[in-house]
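The chain below stands alone and is given in structure tokens; this is the form predicted on its own.
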């Protein structure tokens, strides 16, 4: 049976600004997204039947249609029905290493890996932009997870503009296992509390475009590590941190350990510390370990990476 094994990296937000409401009900966002080498492994194996199955040993990962990886395969089967009929279904096995409900786009990255893997498995020959367009139908983070690296994201997060790579930096990530912040809750609460600060709908495009010349983007272009750390920003901290004080405690612990900067990623509940070296990351990690006892805090060290989904191995027999 033909098979592919793919690496599906997590992402963090170096910058997240909520600009206003869109006509489709979503928020207009301006973000700087970054891939890290903390990654799931996604294995795809062709089946002789016309079925889609998902397997994952993690108890919180659904193996049903609720899984975004399943939805990605179903979308490909619907869009390319001839290839689905010719090559058959697929078994998707996910080795989950990215924390669940953590603001790290683990589910989106899995879906991105399925799109890339099925393109190869079914010999479709799709371009990256075609894959990203398919990914945008599944979720705002999926297109970025396909491309990876460092990028400005606007719109719902699906419109991408690549930036120079900053993969010489490290991050320490902290995630409390008992803390799961619902993305929908975070955005709805932000709208309820700060909707009066949104720009008018006619100004959304011009305001989103301003991120291209923002201080964070300039710091990245000039490879100014100190400024990158100082310009970390996430609007959603304004609603998530008051509701989850452990997140603030963890952020302050990282900051006091001497990192370049610390911030909550996405809608949480992961907090990351940006570090200029592996040595600094080890020091921050050690401070986090002291906080972790005897709590349920998981800590990871990762490096920023310039790539999205990558093929690790294949069997074309």
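Residue numbers count along the first chain shown, from 1. Computed from a prediction, not measured in an experiment: that's the story for all the values here.
Separately, the form predicted together with a small molecule exists; it is not shown, and the next lines address it.
Checklist entry - the small molecule isn't shown here, but in the predicted complex, which of 171-179, 205-213, 139-147, 121-129 has heavy atoms within 4.5 Å of it? => result Only one stretch passes the 4.5 Å heavy-atom test: 139-147.
Item to check | Proximity of residue 27 to the small molecule in the predicted complex, heavy atoms at 4.5 Å | outcome: Within the cut-off, so yes.
Checklist entry - Quick one: does residue 226 come within 4.5 Å of the small molecule in the predicted complex, counting heavy atoms only? => result Although the small molecule is absent here, residue 226 would stay clear of it in the predicted complex, with no heavy atoms inside 4.5 Å.
Next on the checklist: in the predicted complex, is there a heavy atom of the small molecule that lies within 4.5 Å of any heavy atom of residue 184, even though the partner is absent here?
Outcome noted: So residue 184 counts as contacting the small molecule.
Checklist entry - Is residue 159 one of the residues lying within 4.5 Å of the small molecule in the predicted complex, judged by heavy atom distances? => result Heavy-atom contact with the small molecule at 4.5 Å: absent for residue 159.
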